[in-house]
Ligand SMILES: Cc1cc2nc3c(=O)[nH]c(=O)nc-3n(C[C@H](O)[C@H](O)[C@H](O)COP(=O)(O)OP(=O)(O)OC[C@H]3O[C@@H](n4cnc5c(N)ncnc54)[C@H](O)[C@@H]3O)c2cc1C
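Next up: a single chain in structure tokens, the form predicted on its own.
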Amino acid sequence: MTVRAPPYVIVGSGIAALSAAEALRERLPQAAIAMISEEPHDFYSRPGLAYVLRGDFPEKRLFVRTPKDLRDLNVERITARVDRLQCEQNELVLANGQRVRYACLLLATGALAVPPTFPGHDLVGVVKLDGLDDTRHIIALAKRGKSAVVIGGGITALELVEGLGARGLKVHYFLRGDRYWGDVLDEAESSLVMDRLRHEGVVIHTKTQVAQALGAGGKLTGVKTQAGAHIPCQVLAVAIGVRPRADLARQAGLKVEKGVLVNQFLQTSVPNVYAAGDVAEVFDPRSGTTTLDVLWPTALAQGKVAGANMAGERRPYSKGVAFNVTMLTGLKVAIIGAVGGGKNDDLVAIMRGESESWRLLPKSWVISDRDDANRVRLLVGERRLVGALVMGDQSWSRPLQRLIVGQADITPIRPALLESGMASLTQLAAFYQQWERSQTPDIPSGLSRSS
């Protein structure tokens, strides 16, 4: 059966989908808009799942749009799985056999955790952290369990380590490499995070991989490592990366590489089909390359642009400087622009909260200043700051973001920056204050003190 055809259909229900719907409704108050998703819950903040897992705040705080907000948006919500996209017919085929026609389509299908492949991966107790139902399942398991194993080298793995620990489980943390998040953090930063985990009772196993999940009666009882060690556990949390949900587009014949390829207007290889968010691999005309980003702000921005273009505008999406703020073992960490660049086998796919562009680095030099848990690390290019990491005290976050986004010419202080240490940061503070006045003469500098 073919149902009534809304002119605008969105597949997905995350932040890219919602922001696209809001952009469409703002421009086309009377348009028919439908949103199709398997997600049974109203819109919620996925980055907040870790805070619910840790018990930092109740589940209800995830829902950052009220039911009235969603009703006022006047979007038809269809809870179903899309089986096929038939571009020639401008039609979607749902799992229940229903067919939905469209005039303009947005694919905002997001990304899913990369599943494990070791024997026993399907036992009850082997978990991931993709959505609210996963979070509820992990919390239920934690109430009955005593110990857990976590696998992975990025932000999501650390969130699972901390969340399970906060739920009272003894946590064993497996890293394939010799330190935590080596593609982004330097050795001192990794050591700081790992030392804080050990202080909280986490047992860290470096250069360790699971050979098999062990079970009885279909339930997890432990793991066997490739080195032959046996560790009892009732929860095995896997966070080895995320993968764009591009199968629908691939089966429909759209151009797909890692994600769904889109131009600067977020159009796919079929002009009336758009893609945005974690699933979209966006062409950047300035660099001539395509990139995937799985950051919440990026998905929000892409959704807005896609919605505007679906409504008839011709607005290019301009990729901004990557800016991600996260909590690592209680430390606030801001990552701006390009940071890292080393190879780490823990990052076998795009990590949640990570920008793939961080790995595409020009030649750079690194300076840093460390005072206990407060740390500033700069990547200094030939004429500009390439990136920065601010750990702990965030006084430097806004100034460094301004300098990197504004492409400030640091040539006058570059020799001083390469000397590193507090003296270089003092020089940078003076440079920033002068540069900021030149950009906005009537606005006082926001830099109060260095880290």
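Fair warning: this is a prediction, and the values are worked out from it, not measured in the lab. Don't overthink the numbering: it's just position in the shown sequence, from 1.
Keep in mind that the form predicted together with the ligand is not shown, yet the notes after this line are about it.
At a distance of at most 4.5 angstroms from the ligand in the predicted complex, all three residues Ala111, Arg245 and Ala299 contribute at least one non-hydrogen atom.
In summary, the region of this chain contacting the ligand in the predicted complex, judged by heavy atoms within 4.5 Å and restricted to 391-399, 378-386, 405-413, 41-49, corresponds to 41-49. Put simply, of Lys255, Arg81, Arg136, His230 only one has a heavy atom within 4.5 Å of the ligand in the predicted complex, and it is Arg81.
Checking Asn324, Gln234, Thr329, Asn90 for any heavy atom within 4.5 Å of the ligand in the predicted complex turns up a single hit: Asn324. Taking the partner from elsewhere, Asp183 is found to have every heavy atom lying beyond 4.5 Å of the ligand in the predicted complex.
Not displayed here, the ligand is approached by Ile36 to within 4.5 Å at the level of heavy atoms in the predicted complex. Heavy atoms of Leu428 never reach within 4.5 Å of the ligand in the predicted complex, leaving it off the interface. Proximity of Leu295 to the ligand in the predicted complex: non-hydrogen atoms within 4.5 Å are present. Residues from 262-276 that approach the ligand in the predicted complex with a non-hydrogen atom within 4.5 Å are limited to Ala276.
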